[in-house]
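So this first bit is one chain, no partners, the form predicted on its own, shown in structure tokens.
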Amino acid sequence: MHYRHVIVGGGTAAAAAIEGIRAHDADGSILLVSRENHLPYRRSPLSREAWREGFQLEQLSIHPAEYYDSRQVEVRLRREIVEMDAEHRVLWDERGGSVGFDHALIATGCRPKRLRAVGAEISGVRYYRDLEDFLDLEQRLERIQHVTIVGGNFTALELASSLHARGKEVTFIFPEEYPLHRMLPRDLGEGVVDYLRRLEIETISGDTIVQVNEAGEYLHAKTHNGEDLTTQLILVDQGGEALVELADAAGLDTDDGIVVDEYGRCSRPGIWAAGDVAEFPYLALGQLMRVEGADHAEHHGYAVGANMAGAGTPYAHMPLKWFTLGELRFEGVGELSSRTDHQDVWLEPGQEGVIFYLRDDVVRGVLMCNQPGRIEWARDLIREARPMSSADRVALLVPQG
């Protein structure tokens, strides 16, 4: 069969692309092919809200099943596209079935980075990224009391807090001095570690697991620095790797992800990419970036879907990154890199303030702590791209006089 639009992937970007397509093409045929067992759903609540009492899995769904019928979208679940002929515009799945297309969107997202340890393939070592991982963990929690989390990213941090709130003992191992090491300045990162320790979560910094052995209901692990651990489950979150194999095999340009232009177009005509898998021009920063997260996936997916249907609109959205830590809510936009210069402006130390990320005194990123309603303010500040003095930045939050 032949379709005007084929979407490869079943996450937030894929669902948003349908909306973008239908906003500009009411009748063109759409096929969505996903390796998942479920219709597109939100992944970010899996490490936070999904563990709270009263949460219903139905709340994860982006759209109800009837939405796809009403938009005349054919959905094929539990299918994986394994080959693409970019020249003749044909896709093949793992069963040997083929489909032709006018436009194909690759929205395959990422896979978890694997733990490099002897014994890492045993059943007690699990990765945490999708709904099946949540369902597996939820079932295992009924019979275990101690969990070890390896990694220092958003999911690892939020899982440590969520599982502790469920009454589980948690050991949290991260490879750097503190979690979110690539994003947080040292003083803030050290504050995160202090918070975890106040919760009585055991933290091991600058280390990782290198060997795991299974002994009945328990796992015995050894770390790089010689620590011996006994636990019942190891959860790994070391970040994601963009799923670029399909693009590579089809001869598309790839780097950290699938390289696209500001419209979402790949290096071959008729092929597009969106969401976590895409490396795109971050227009406000003037550089190529790959961004993981729901806000980017939603906005990029919609924009690229619309462009597939002829909108011709560059993607200029500045994706939001956010996480919570107890009563603290952090929201950030722009280049949030601990390698850049930074300036902290606290209205209430450790509770309410802003971290400015700087290059040559120009604000490139803004991370806010308990500053609701300032997202657009932060985006405008980055777009201005003008040098500012330290006093000027303080005055943005603490007016003088």
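Numbers follow the displayed sequence, beginning with 1. Because the structure is predicted, anything quoted here is derived from the model rather than measured.
What comes next is about the form predicted together with a small molecule, which is not displayed.
Which of 285-293, 305-313, 247-255, 181-189 lines the interface with the small molecule in the predicted bound form (heavy atom within 4.5 Å): Every other range fails; the passing one is 285-293.
Among the candidates L219, A86, I81, A242, the residue which, in the predicted bound form, approaches the small molecule to within 4.5 Å (heavy atoms): Spelling it out, the residue with a heavy atom inside the cut-off is I81.
Sole residue of L60, I375, C369, V33 within 4.5 Å of the small molecule in the predicted bound form, by heavy atom: Only one listed residue qualifies here, and that residue is V33.
Partner contact for R265 in the predicted bound form: the small molecule, 4.5 angstroms, heavy atom: Result no; R265 lies far from the small molecule in the predicted bound form.
Interface membership of Y128, the small molecule in the predicted bound form, 4.5 Å heavy atom rule: Output for Y128 is yes: heavy atoms within 4.5 Å of the small molecule.
Proximity of W322 to the small molecule in the predicted bound form, heavy atoms at 4.5 Å: Close contact exists here: in the predicted bound form, W322 approaches the small molecule to within 4.5 Å, heavy atoms only.
In the predicted bound form, V8 touching the small molecule (heavy atom, 4.5 Å): V8: contacts the small molecule in the predicted bound form.
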